[in-house]
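The chain below stands alone, shown as structure tokens; this is the form predicted on its own.
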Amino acid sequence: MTTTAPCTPDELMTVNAARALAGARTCFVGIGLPSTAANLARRTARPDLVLIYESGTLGSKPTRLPLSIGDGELADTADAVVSVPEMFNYWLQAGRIDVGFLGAAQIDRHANINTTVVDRGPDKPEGRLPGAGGAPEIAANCGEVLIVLRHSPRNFVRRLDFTTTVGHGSGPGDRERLGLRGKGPTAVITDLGVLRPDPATAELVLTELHPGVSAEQVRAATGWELKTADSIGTTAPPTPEELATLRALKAA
């Protein structure tokens, strides 16, 4: 019999992000939180998940969490390694990848992402972030996009300081107008719950809460007037097996 076990908010977030990949076949993985969740999914919810990294590795099976897209572990454990132009032109831009998994420094109500620069306030220089990497192309061309990040007013903002990656633009029809292939972001998984775009407005709506979290907590951590679903669900707590696998992965 499977029971629950004590866990941290970050572990709740990561386990639920991994579960979101249960139906995926191929996943274009971002470094950081997305990579942790994707590697956990391959060890739990989706053992046959094909992990793809923008450095050109297809079917990577790292024994530990990679430090970057250039980590040799990704190439050493891959089914194939291709050039970066081939990765983007043949695999990504042709729509051959099911899910893109991204992180963010800032996200707005339509799931647009900033990973480039943040305003640090008057008389302070801009805060420089890692930049776009492959995120704009991933969000444009994968069948759907999952986003994982910690929930705070600093991250969930009314207006991005810089738009790095288009999610749903300014609302319905924007992706089609811009010629973007996939569905765009279908879920944002945080340490407080799960948000999904409203089918009519493409605006993020709170659909699920993690155990012990209230809707008021999520609203207080969001930089806009967050709407909630008519019926808000509760995510299932991590099982001992999921937690043990996640902790072993991090320890490695």
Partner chain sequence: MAAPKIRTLHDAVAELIHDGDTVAMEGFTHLIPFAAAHEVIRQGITDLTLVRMTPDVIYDQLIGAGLVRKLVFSWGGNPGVGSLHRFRDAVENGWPRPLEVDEHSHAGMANRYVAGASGLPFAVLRGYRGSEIASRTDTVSTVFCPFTGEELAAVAALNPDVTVIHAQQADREGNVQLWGLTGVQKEAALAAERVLVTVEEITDELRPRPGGVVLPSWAVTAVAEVPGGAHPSYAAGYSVRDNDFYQAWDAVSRDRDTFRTWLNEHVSVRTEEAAAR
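Heads up, when I say rigid core I mean the largest set of C-alphas that superpose within 1.5 Å between the two forms. What you are looking at is a predicted structure, and each value in this text was computed from that prediction instead of being measured. Numbering follows the first chain given and starts at 1.
Quick note: we don't show the form predicted together with the partner chain, though the next part is all about it.
Look up in the model of the complex whether R158 has a non-hydrogen atom within 4.5 angstroms of the partner chain, and give yes or no. Answer no; every heavy atom of R158 is more than 4.5 Å from the partner chain in the model of the complex.
Non-hydrogen atom contact V213 with the partner chain in the model of the complex at 4.5 angstroms: The answer is no: V213 has no heavy atom within 4.5 Å of the partner chain.
Using the partner position in the model of the complex, report whether E126 sits within 4.5 Å of the partner chain, counting heavy atoms only. The answer is yes: E126 has a heavy atom within 4.5 Å of the partner chain.
Is G70 part of the interface with the partner chain in the model of the complex - any heavy atom within 4.5 Å? G70: contacts the partner chain in the model of the complex.
Scan 154-179 and note down the residues that get a heavy atom within 4.5 Å of the partner chain in the model of the complex; none is a fine answer too. Counting only heavy atoms within 4.5 Å of the partner chain in the model of the complex, the contacting residues of 154-179 are F162, T163, T164, V166, R177, L178.
C-alpha of R177 off by 2 Å or more between this form and the one not shown on rigid core: R177 C-alpha, core-superposed: shift of less than 2 Å.
Once you line up the core, how about P125: does its CA shift reach 2 Å between this form and the one not shown? Yes, the C-alpha moves 2 Å or more.
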